[in-house]
Each structure stands twice: as structure tokens, then as C-alpha cells.
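Just one chain follows, in the form predicted on its own, and it is written as C-alpha cells.
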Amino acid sequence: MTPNRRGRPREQGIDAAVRAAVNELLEEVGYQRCTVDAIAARAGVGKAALYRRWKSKAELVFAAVVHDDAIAAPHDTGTLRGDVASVLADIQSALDGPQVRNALPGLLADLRAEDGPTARLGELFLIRERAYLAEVLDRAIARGELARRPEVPVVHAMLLGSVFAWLHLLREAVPPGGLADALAPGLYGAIIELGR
């Protein structure tokens, strides 16, 4: 899925430099001391270039360490069970890493502290994540696996929440087959039930 953009196209070199700067700074100084000024200096760009792309530090860090505003179309495995496992693997990949662990406490605190970044993150990221899931569910309907589309926010919460809780709250070791193998059967069953 490619978002509609207006104006001049982004320079990919800047995005890559900013992503690298954010990841380095999170590792070196943590989220709180990873400022927009420090990111701009490390990336070799002006602050104005950052604020043209991202409206807040929270948005910038989320885009750098979790995923940006362009999410590739979900892989079609041919079955809802396989698609659920694939989505879970994608979520695990996005949320499992040292930069995410370094950023998450401060990022969540910033999002809770003010409405602006939360609303903007919803516009940029949650809408795209839910469109990604809607595509998975619609394919399952077309294949006859679901009678109707379950509420996408419910499915989103189930899949994202399960992986997030495992990685960042429960702090359990990831099973040898990954979270997709461990979580997909139960979550697949729940989605089938919701889609009756």
C-alpha cells in the first residue's frame, strides 16, 4: 500500500540517515535524551527537514524503529491460518529489537501525555495497519473462510496486543518457532469465531 503524497517526493537518503541516527541515539542515550536536535545533527540534516516529515519526536521515533507510514501489502499464504501467522511474524519483527525496547517506555509516556501525537500516529500508522488487516480478512471472506469481516479494531488489538504483551510485558522467551507458531492457532480460532 502506498500512501498518497503531495509535494516534492521524499529523499530516501534523508530517511535512511534519520533512521540510522535515531537507532544509534536510542542505543547510546535512550529515548528521553534522543532529541530532535540530536537526531538532526547526527543525521546531518536541518530540523526543518525533520519537521516537514514528522510532526513530533514520538512520530519520528515510531517511524524509525517500528514502521514508517508505508506498509507493504500483506503476504497472501492462501489461507487465513497462514495469513494470521504471517501477520504475527510481521508484528514480532517490528516490535522485537533493542531500539524498540529502548524507545518504548518513553514513547508510550509521550503518547499518553498529549493528544496531538496520539491522534497523528493514529492517522499515519493505525489506519494503515488496519487497512492491512482488512485486506487479510477480505481475502478470507473471498476464499469462504469467513462469513463476514470481524471488526478490524478488535482483530488489530488481538494480534498486536498478543505480540506486544509477550515481548514487552510478560518478557517470556520467544518459542523456538517464533510467536507466529505459538499464537496463531488460538488467534486464528478467535478470528474464525468473530467472522461467523
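Numbering starts at 1 and follows the sequence shown. Under this definition, the rigid core comprises the largest set of C-alpha atoms superposing within 1.5 Å between the forms. What you see is a predicted model; the values in this text were computed from it and never measured.
Keep in mind that the form predicted together with a further copy of the same chain is not shown, yet the notes after this line are about it.
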Heavy atom within 4.5 Å of a further copy of the same chain in the predicted bound form, from candidates 50, 43, 158, 65, belongs to 158
| request: Decide if the three candidate residues 166, 172 and 190 all line a further copy of the same chain in the predicted bound form, where lining means a heavy atom within 4.5 Å. | output: yes
query: Would residue 153 count as touching a further copy of the same chain in the predicted bound form under a 4.5 Å heavy atom rule?
result: yes
is_contact(residue 82, a further copy of the same chain) in the predicted bound form, heavy atom dist at most 4.5 Å: no
(Q) Just checking whether residue 56 would be counted as a contact of a further copy of the same chain in the predicted bound form - the rule being heavy atoms within 4.5 angstroms. (A) no
Inset, instruction - Considering only heavy atoms, tell me if residue 94 and a further copy of the same chain come within 4.5 Å of each other in the predicted bound form. - result: no
Per contact check vs a further copy of the same chain in the predicted bound form (non-hydrogen atom within 4.5 angstroms), the hit among 136-144, 35-43, 57-65, 158-166 is 158-166
message: Once you overlay the rigid core, does the Cα of residue 130 travel 2 Å or further between this form and the one not shown?
response: no
A change of 3 Å or more separates this form from the other: in the predicted bound form, the C-alpha atoms of residue 172 and residue 30 are closer
A change of 3 Å or more separates this form from the other: in the predicted bound form, the C-alpha atoms of residue 170 and residue 33 are closer
